[in-house]
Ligand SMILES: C[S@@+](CC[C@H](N)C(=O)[O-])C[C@H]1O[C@@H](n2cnc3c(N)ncnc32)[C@H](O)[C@@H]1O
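Before any questions on binding or motion, here is one chain by itself as structure tokens, the form predicted alone.
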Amino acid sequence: MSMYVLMRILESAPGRYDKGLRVLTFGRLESAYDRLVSHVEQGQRVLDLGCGTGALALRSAARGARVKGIDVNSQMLEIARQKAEDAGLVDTVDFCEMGVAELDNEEADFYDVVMSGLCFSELTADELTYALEQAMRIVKPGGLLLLADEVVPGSFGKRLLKGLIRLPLAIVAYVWTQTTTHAVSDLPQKVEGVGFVLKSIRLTNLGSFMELVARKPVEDGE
């Protein structure tokens, strides 16, 4: 069974989703999300694509942002809503059942920040391109795109090493949580391709997990 198929099974295990992704990302997910959300400011409008159980959305709301989190999995959204209630954030974060295919309903130049954590690694190539195009449309000029996801390492040696290291970990994670992901290739190039300007990229030593910050130009050429 392919890693792609295994990732689709995560929808059947929402209660174990967070633990599974921590295993698959070697425990680095929490600090990565903290760094991404450090770019969010009080009062900003934030959209979290594929919000899952609310890790990024709730961090942003806790910083005083007005957040909309979207996901196609209703069970994970229920967990996110319960987390928001427990944290006293129900007035500042809204979780909606919808997918990236519905982003064309969002208002143009509306959000200060569009973010996503381990969502693009669940999308097809066409869905990923569409999500980036819509993110470019709906974020304000000067607004940010914040991404954290699994990526394909640049060199063959690192790709081979990643596969050797990750395979047993993925098997353990699947047995425990029914969760896995597949890596995204050429993510910075895809982000630049729709018009964003890269601000920073942070990679693990193996080059298999990326934190990316990009900005929508205020005007052409800026």
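Start at 1 and count along the sequence shown; that's the residue number. On a predicted model such as this, the values are computed, not experimentally measured, just so you know.
We do not show the form predicted together with this ligand, though everything after this point is about it.
Contact with this ligand in the predicted bound form, judged by any heavy atom within 4.5 Å, is made by just one of Glu78, Asp109, Asp104, Glu127: Glu127. Remark: Gly99 counts among the residues lining this ligand in the predicted bound form, judged by a heavy atom distance of 4.5 Å or less. At least one heavy atom of Asp71 is located within 4.5 Å of this ligand in the predicted bound form. Shown alone here, Ala55 lies within 4.5 Å of this ligand in the predicted bound form, counting heavy atoms only. By the criterion of a heavy atom within 4.5 Å, Leu118 is counted among the residues contacting this ligand in the predicted bound form. If you take 33-52 and check each residue for a heavy atom within 4.5 Å of this ligand in the predicted bound form, you get Tyr33, Gly50, Cys51, Gly52, in sequence order.
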